[in-house]
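Take a look at this one chain, the form predicted on its own, written out in structure tokens.
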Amino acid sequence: MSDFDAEPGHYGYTFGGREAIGEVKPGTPITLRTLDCFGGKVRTVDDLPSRVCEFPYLNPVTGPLHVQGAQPGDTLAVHVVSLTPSAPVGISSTFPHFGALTSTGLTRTLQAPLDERVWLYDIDLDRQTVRYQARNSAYAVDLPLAPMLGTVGVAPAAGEVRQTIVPDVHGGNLDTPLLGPGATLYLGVNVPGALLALGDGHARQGDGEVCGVAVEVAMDVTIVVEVISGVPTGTPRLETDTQLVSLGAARPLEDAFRISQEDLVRHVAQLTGLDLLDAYQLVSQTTHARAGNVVDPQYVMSGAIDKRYLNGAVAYGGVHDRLRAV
């Protein structure tokens, strides 16, 4: 088993442009500690992120890891074995010019900016809950703990360096609640070794990450990877025990939607042998469309189909089931 802690030098703020911190072997469990998106600097409701954090040093990812045997043109399968919050409190916030329901640099209005405010969520691992507590009243409610990884990616192609907050074809800040324990993420490999990095653990997040910040928390992560040689993947895909999912990252949101649905249609056609329009019809009547985030430099949409409609067709040679059994 390989083990990587989130110590200085083991995390960064970009995909690409960094040397690997270690080498990992496909099929061998890998454990990592990740920091929360604030790098552990927000601890109380008085620690406003704009005061204690420094842009662009947000959203750290642990890695990158050189995956043995991964070469450009391959696909890297990243299976999430387990996710456990490593802190007793999760953190969320609002920002003056960040989020889906405020003006931003790209969507300018004359309205006053939102107040910056921090919420703390008590995490109870025994009860598997996170507690929402209103800041301006006694209102409180327990929400189910639903851990996920907000950011998983590989080095982009052509020597490009991308900030970790940007989702794109290399992965990055996908922010989909589907990326939890038991899920397998498929990413196209662009450089030798893939250079996999991950972080941005969420104790839970609603679709869209509407305010821009989930219940952010440091996370203990166990993953296992496999290299699918000679099989390219053009946009991130995801598989669960019950669904096949395509992810699209773009602005405007409708283009992210189109990317996810177009890739799903083509994937279904490839797996089932249906012609393109027959696959289009099947997906149209069965698809599940969910927003990953609608707040980042690019938005994310997912398109999913239940496997039960695929008449036993198996994606990527059954790698999800093999990794599930590790």
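Quick note: we count residues from 1 along the sequence shown, nothing fancier. Keep in mind that what you see is a predicted model, and the values were worked out from it rather than measured.
Beyond the structure shown, there is the form predicted together with another copy of the chain, which is absent from this document and is the topic of what follows.
Item to complete: Select, from the options 192-200, 133-141, 71-79, 178-186, the stretch whose residues sit within 4.5 angstroms of another copy of the chain in the predicted complex by heavy atom distance.
Response: That would be stretch 133-141.
Worksheet entry | Residues 162, 205 and 251 all lining another copy of the chain in the predicted complex, heavy atom within 4.5 Å | Every residue of the candidate spot has a heavy atom within 4.5 Å of another copy of the chain in the predicted complex.
Worksheet item: Counting only non-hydrogen atoms and a 4.5 angstroms cut-off, does residue 86 reach another copy of the chain in the predicted complex?
Response: Heavy-atom contact with another copy of the chain at 4.5 Å: absent for residue 86.
Practice prompt. Please check if residue 281 has a heavy atom lying within 4.5 Å of any heavy atom of another copy of the chain in the predicted complex.
Written response: Yes, residue 281 is a contact residue.
Item to complete: Give a yes or no for residue 276: in the predicted complex, does one of its heavy atoms lie within 4.5 Å of a heavy atom belonging to another copy of the chain?
Response: Looking in the predicted complex, residue contacts with another copy of the chain include residue 276, since a heavy atom lies within 4.5 Å.
Worksheet entry | 4.5 Å heavy atom contact, residue 287 to another copy of the chain in the predicted complex | Residue-level check for residue 287: yes, a contact with another copy of the chain.
Worksheet item: Using a 4.5 Å cut on heavy atoms, which of 238, 214, 155, 221 is close to another copy of the chain in the predicted complex?
Response: So the residue touching another copy of the chain in the predicted complex, by this definition, is 214.
Discussion item. With another copy of the chain taken in the predicted complex, which residues across 83-113 come within 4.5 angstroms through any non-hydrogen atom?
Written reply: If the 4.5 Å heavy-atom criterion is applied to another copy of the chain in the predicted complex, 83-113 yields 92, 93, 94, 97, 99, 100, 101, 102, 103, 105, 106, 107, 108, 109, 110, 111, 112, 113.
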